[in-house]
Structures are given as structure tokens and as C-alpha cells.
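Below you'll find only one chain, the form predicted on its own, shown as C-alpha cells.
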């Protein structure tokens, strides 16, 4: 377990909003975001008990209430993240101070199974979640009584893994009478850049790249996103991981860093891989075909993944390095081409854009950053990349995103202190962030079937329209 405490914080300085005020602020969110009896975050069944005690008039936020909520600069939020293979918790203050950050990695499991095994990942989360959260509190010199709210990832991600974090967050919130904020994982990757770069204002662009997602968005405002491009099959991180596995690399550090390191030894033009989707003039991503090309190249060179790179002959190592370098060049070239087109589209919609945020686990790759920096400079934009520790899945991004929405009045009341064991959590494993841009709309089957939950943007826009 890696533990990082960046600062400390004295107890009981910041009083929490009283419960009646929280529920008054919440009522509008519940009614407007979900016409059905569900809620903003993971509180699908608490709606009935909450709404039964308030008249319709009490659900309207007055201007002064909104201003009070938005001006609270002394908030402290615990963020919990368990959407995939890292168990993470962090505590962040609303002025941007990271009071603690703790991450427990499942690197050994990844190496053993060659990727994420959902049931094994769930078990690993359950083993460490209590310790990770407790470490986050202790490193910040806090107890649960000092928190203003709890934020937790509710999607997208693996249902088995998401459930562990949501269950823990609800237990803390219920036991200590704390509001709870359900967080969109991809929005959190984008918004953590606003914690680091204080000048980053809306609107801005974001490229979110990880093991499960490739996403190009135009962020017009908090909770208002236009999807310019997305993954239609495999994401770039998945391609990195599979290539690393086929090349016999050490997966305990994940495929991205392993490929990047080996690629430095190789010739990036030694293997002629074709760039994905050259004929499609949109901003969507596809890495399934490139993965197939890599696998065939490995087979043609008789590379045996059972022989680790550390035991390979010099000739074999050189061959593997050429494949790694050639793969990386084409994989990132696909990103570059999509980003260039997306910037052109975004500038038509919002000419004032000045920044492209690149975040997600793959954004830790220095080659990726260097290539994308060239792209944005050609378009007279500035590249914003969070530090590597905030690019991979982490609790800081969840806590910060929870803070941003909490200040806007978008949160749920404390759950019951003793929740039934058979309670069904509102998990959103497939949850789009924004609505598709008309010019970039794809007919790919995978995009259509993935839309199980309404997008975050559509829910918030419906809320704003009803409120006005």
C-alpha cells in the first residue's frame, strides 16, 4: 500500500450544514434529476422516506440558499474510488488542499491473471477498503466527525468493484449523518485538473484515456459535457496491457509503463502497423484492429510470451522492443489525429477554449504527453496534465469532483444508519458523461448498447430546465 499525506488539518473548524438544510437543498436535485423515484447519487431507495416529510414548496432552492452553498470554502470531503483495480481514498479541502491520499494497488493480481478479474478484484477491494479509508483519515489527522460530506464513484466501472466503495461510503455517511455525493468516474478524471491548474476555467477540452475508456469531451460547464469522440471497441490502455502481456513484460506495473520503457530501445518504424480508422472522419477511437496487428506480428517473429523479457536473448529483446516502439507510435498517432479534429470541432462551438486536459492512467505516459503537446501547440492551445499520481485512479479526483457538485447543491442526504443487507445500490457500470456531438455521432453497435443509464449531462440539464 502506498500512502501519501500532503498536509494536516485541525479538527472541528468547519461545521457541517444541518440536516434540514441539506435535505431542502437536495429536494430539487432529486426531483429534477430523476422523475422516477431515484436520486442523484447511490440513494435509490431513500427517496421515499425523504420526500414524504416535505411539501413540494420546500424543494425549491432560493437564490440566497444557492449562494450560501456555493460560497462554502471551508468544506472537507472524503473521496472513495473502487471502480476497477485500485482501492483509493483521499480527503480534500475546498480550497484545494489535499489533506491525504492513499492507494492500494492490485498489481500482483493483474500480473497473475494478465488483466482485471472482476471477482478477484472485488475480493481485494473488500480486504483493504476499511484500512485505506482509515489511513486517509489518520494521515489527514481527522475523524469522520470532521467531514462535510462523502463522495464515491458510482460509475462507470465494474459493478462488483463499484459496490465495495459505495457500501463503505454509505456506511460512513449513515453512521455520521453526512451528505453523500455520487461521482462519475470520467468526470472526476477531467475535473481533477481544476484542482491542480487554478486558471483552468470552463469551457475547456479533455481527452480521457485509460484502460477502459477513450473519451474526447468539450466541458462547457460543471456537469455540462459534449461528447466529441469515444471508444467503439477497445481503449488505448487495454491495447497497451494486452501488448505488454504478449511481449512477456512485467505487468505488476501495468502495461503502459512497461511498453513505454521497452519502446525506448526499439525502432518505432520497424513494424508497419496501420493507423486505426483512417477512413472515418470522426473523433472516435478503435484499438481492436491494432491489437490484432500486434498479435500477428508477435506470432510471425516466434516470440514466446512465456519467456519473460528479462530472460530473452538480445536478438529476441530487440525484436520485442521494435514491436513495442512501433505499436506505441501508431497507438498515439491515432490519439493525435482524433485530437486535432476534435479541437477544430470544439472551437466552432466554443471559440474561447484555451486548454486541452489530458487525464486518465495513460496520461502518465511521457511519450503520449510529448506528442499531444505538439498537437495543442499547433492549435494555439495549452496542454494541462495532472501529475501522474492524479492521472491513475485515485480518491483525490473523486473528493474534488464531489466538492464541486456539493457546492452546487447536488448531493443526497445521509443514508439510514442501519441499512438492510439486501439493499440494492444505484450502480452505473455504463454511464455516458455527455451527449454526442451531431457531427461525431457513430452508428457503432457498441455505443448504442452501452447507453444503459441516461448521461450525466442530460440529467443535470433536465434539472436546470425544470428549475428555471
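Residue numbers count along the first chain shown, from 1. Only a predicted model underlies this, so the values are computations on that prediction, with no experimental measurement involved.
The form predicted in complex with a small molecule is left out here; the points below concern that form.
> Given the stretches 233 to 241, 121 to 129, 315 to 323, 268 to 276, which is the single one in contact with the small molecule in the model of the complex, using a heavy atom cutoff of 4.5 Å?
Within 4.5 Å of the partner lies stretch 233 to 241.
> Taking the small molecule as it sits in the model of the complex, is residue 392 near enough to touch it, meaning that at least one heavy atom pair lies within 4.5 angstroms?
Contact check for residue 392: yes, within 4.5 Å of the small molecule in the model of the complex.
> Can any non-hydrogen atom of residue 365 be found within 4.5 angstroms of the small molecule in the model of the complex?
Residue 365: contacts the small molecule in the model of the complex.
> Is there a heavy atom of residue 289 lying 4.5 Å or less from a heavy atom of the small molecule in the model of the complex?
Heavy-atom contact with the small molecule at 4.5 Å: absent for residue 289.
> Are any of the heavy atoms in residue 229 no more than 4.5 Å from a heavy atom of the small molecule in the model of the complex?
Although the small molecule is absent here, residue 229 would stay clear of it in the model of the complex, with no heavy atoms inside 4.5 Å.
> Can all three of 175, 413 and 416 be found with a heavy atom no more than 4.5 Å from the small molecule in the model of the complex?
Per the other structure, none of 175, 413 and 416 touch the small molecule.
> So the small molecule isn't shown here. In the model of the complex, which residue out of 386, 155, 179, 361 has a non-hydrogen atom within 4.5 Å of it?
Looking at the other structure, the residue within range turns out to be 361.
> Of 146, 135, 282, 260, which residue is found within 4.5 angstroms of the small molecule in the model of the complex when only non-hydrogen atoms are counted?
Of the candidates 146, 135, 282, 260, 260 is the one lying within 4.5 Å of the small molecule in the model of the complex.
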